[in-house]
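First comes one chain, alone, set out as structure tokens in the form predicted on its own.
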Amino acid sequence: MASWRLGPAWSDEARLAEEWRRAEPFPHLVFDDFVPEDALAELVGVVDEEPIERYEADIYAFEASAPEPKTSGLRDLRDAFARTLAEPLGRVTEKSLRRADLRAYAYRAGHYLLPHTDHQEDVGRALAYAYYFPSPEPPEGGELELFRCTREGGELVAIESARLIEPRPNRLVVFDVSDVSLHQVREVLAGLRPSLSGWFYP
């Protein structure tokens, strides 16, 4: 089965914790070369076996797998991801993490996800993540955009773009889930933007 890896960056969790706390506009971390090169083809093969369908609503248009994986390969990949990351990410972010979900996504030309937060009362999402794997048609656009939110008296009064994160192959992005972790996936202009995304839960 395709494997996940904690690279050299994880040898200094204190530094990662500091990066997490200082990240703007809200806590997040970016890891490149997350899966060993010799395991990438196997990972892509596992994802290719999972059926996907089109999803479209007011704020999004993309293709994705079902919330619960249909194939044993993707279920195993999800469980291995949680086993590898939950404990170290919990130490770095000071959150109690036990499990993760995982879906495969395909953003093609014209697909997007408009600004939103993943925070929902009583759902329990603690961290969000996106892992970008190699595309047969490298995408144009499709950046993950993070926004800075200004609140006064409990009301949102201003929003500004603060960071663009390119969907580079073999890159993992992890970010905090809160009522101010506003983000979007910019429209894909051409090509294919494949990813595995989901949330960690207590």
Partner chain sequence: MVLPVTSRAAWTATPLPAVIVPDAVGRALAAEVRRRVEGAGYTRFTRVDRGSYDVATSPNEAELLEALTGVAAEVTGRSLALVEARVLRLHPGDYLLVRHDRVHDDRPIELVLDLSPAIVAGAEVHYRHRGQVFFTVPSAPGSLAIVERGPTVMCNHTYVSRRLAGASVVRLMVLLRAEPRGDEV
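Remember, predicted model here, so these are calculated numbers, not experimental data. Positions refer to the first chain, counted from 1.
What follows is about the form predicted in complex with its partner chain, which we do not show.
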**Report entry** Check all three, 30, 165 and 201, heavy atom within 4.5 Å of its partner chain in the predicted complex
**Finding:** no
Query raised in the report: At the 4.5 Å heavy atom threshold, is residue 16 in contact with its partner chain in the predicted complex?
Result: no
Report task. Indicate whether residue 68 is a 4.5 Å heavy atom neighbour of its partner chain in the predicted complex. Result -> no
Report task. Although its partner chain is absent from this view, report whether residue 88 comes within 4.5 Å of it in the predicted complex, heavy atoms only. Result -> no
Requested in this report: Check whether residue 147 has any heavy atom within 4.5 Å of a heavy atom of its partner chain in the predicted complex, and answer yes or no.
Outcome: yes
Query raised in the report: Of 48, 53, 58, 152, which residue is found within 4.5 angstroms of its partner chain in the predicted complex when only non-hydrogen atoms are counted?
Result: 58
**Report entry** Answer range among 69-77, 123-131, 103-111, 90-98 for contact with its partner chain, defined in the predicted complex as heavy atoms within 4.5 Å
**Finding:** 103-111
**Report entry** Heavy atom within 4.5 Å of its partner chain in the predicted complex - qualifying residues of 144-168
**Finding:** 147, 156, 159
